[in-house]
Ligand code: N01
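There is one chain below, alone, in structure tokens, taken in the form predicted on its own.
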């Protein structure tokens, strides 16, 4: 028999809100609940500590490709960022410090993976089952697990037969020393452009297996001087101004990505010029030149990737990987390259939204089944058939040009507006199907003219070719449209007397 959830502070109670995930999304939700005076909530985190992506990803060179002053909460800005693009460990420390500052750590349970969440119509509650067998109940469910945490592995014949060390960038083993090893890196995306330069000078030899090249633009990273940090701390307005400048500079990229393709061509010319300057060898340059417009796949940002590829101990291999054997990698031409370690820099299962949690709504309907042809939601936050459930970084709220932390804050504000209806007497809050369908039809119509639908195969797309990942507009537009929840878009049913929970 499953053991009921037991927390010294909430034993025997029904939670107001259960939150899945303690990354930026879950932390933001918890902070805003506590600011609203609510303490009857819990955050369930599957990892051994908070931080989400920034706790799990610890491979060498790991950093964010959004400037630190923007990739942080607007309500808790940090004047002490060490660099324009801070490393993962510093972002994680910022998350820890923010959680502690706002007093939400006692509300977080780590090593508590939610395996199933089912809506109980009779009780008007979400019933949660943890992987441990423990159970919990809540009036509202917030799924803030994000999309960058379930590693994606390519299907390669014989992969399980390799006898050396195997690591994915998302499951890095710090105890394994790469010094002097022969290494194969599979993948040339965002994690690879960080990993390769960080290890190239340590390994004896590095084979980089590239299926598709990506457009690379210079990061132009730099360290902040102590005087700058002191100024930001002493005059917070300066930091807000700096953050706004970064935001609007990034926001302007959306013009080219969504409205004026000619602007993308200009950005691409800059990337081509950068490659021509950084890689004198025409043969290598040809290998690394994409055949799709900049932005169709994720734009890669790096100052040291191209120099690393020109080291004597690094080889870029574009032949297809045919199989993996016990001692190395075999390409389509039949050549075996022996290695000591295989490192997968192949990203995450981005389009498999919430596939690791069995979520069931009204009548036992399964979210994974409803989304079999592509995930959808209303503003990425609410889904018809799943009352009192709110998604953070849900379908079509990812970005190709700006900071998702900005999107998270907008989504939390929208979810909080709906949850307040529950606090004020509502029993269920559920988006109307016709509202949801009209929104998604309009969204995908707008998506047609964007760079993300210009013909390349990317992780933005589902198997059927639709894009359920990216927001096809300005982030400021999203912020404006989600500034409040319109009750007319929802079916809001009154609570039964027995369901009412004291504040």
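Note that the structure is a prediction, hence the values are computed from the model and not measured. Numbering follows the first chain given and starts at 1.
The protein also exists as the form predicted in complex with the named molecule; that form is not presented, and the subsequent description refers to it.
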(request) Determine whether any heavy atom of residue 65 comes within 4.5 Å of a heavy atom of the named molecule in the predicted complex, and answer yes or no. (result) yes
(message) residue 188 versus the named molecule, in the predicted complex: is there a non-hydrogen atom within 4.5 Å?
(response) yes
(request) Would you check, heavy atoms only and a 4.5 Å threshold, whether residue 347 touches the named molecule in the predicted complex? (result) yes
(request) Could you confirm whether residue 228 comes within 4.5 Å of the named molecule in the predicted complex, counting heavy atoms only? (result) no
(message) Counting any heavy atom within 4.5 Å as contact, can you tell me which stretch out of 107-115, 266-274, 377-385, 189-197 lines the named molecule in the predicted complex?
(response) 189-197
(request) Heavy atom within 4.5 Å of the named molecule in the predicted complex: which of 297, 360, 243, 401 fits that? Just give me the one. (result) 297
(message) If the cut-off is 4.5 angstroms on heavy atoms, which of these, 127, 327, 89, 212, is the one near the named molecule in the predicted complex?
(response) 212
(message) At 4.5 Å, heavy atom to heavy atom, what parts of 150-165 sit next to the named molecule in the predicted complex? List them in sequence order, or say none.
(response) 154, 156
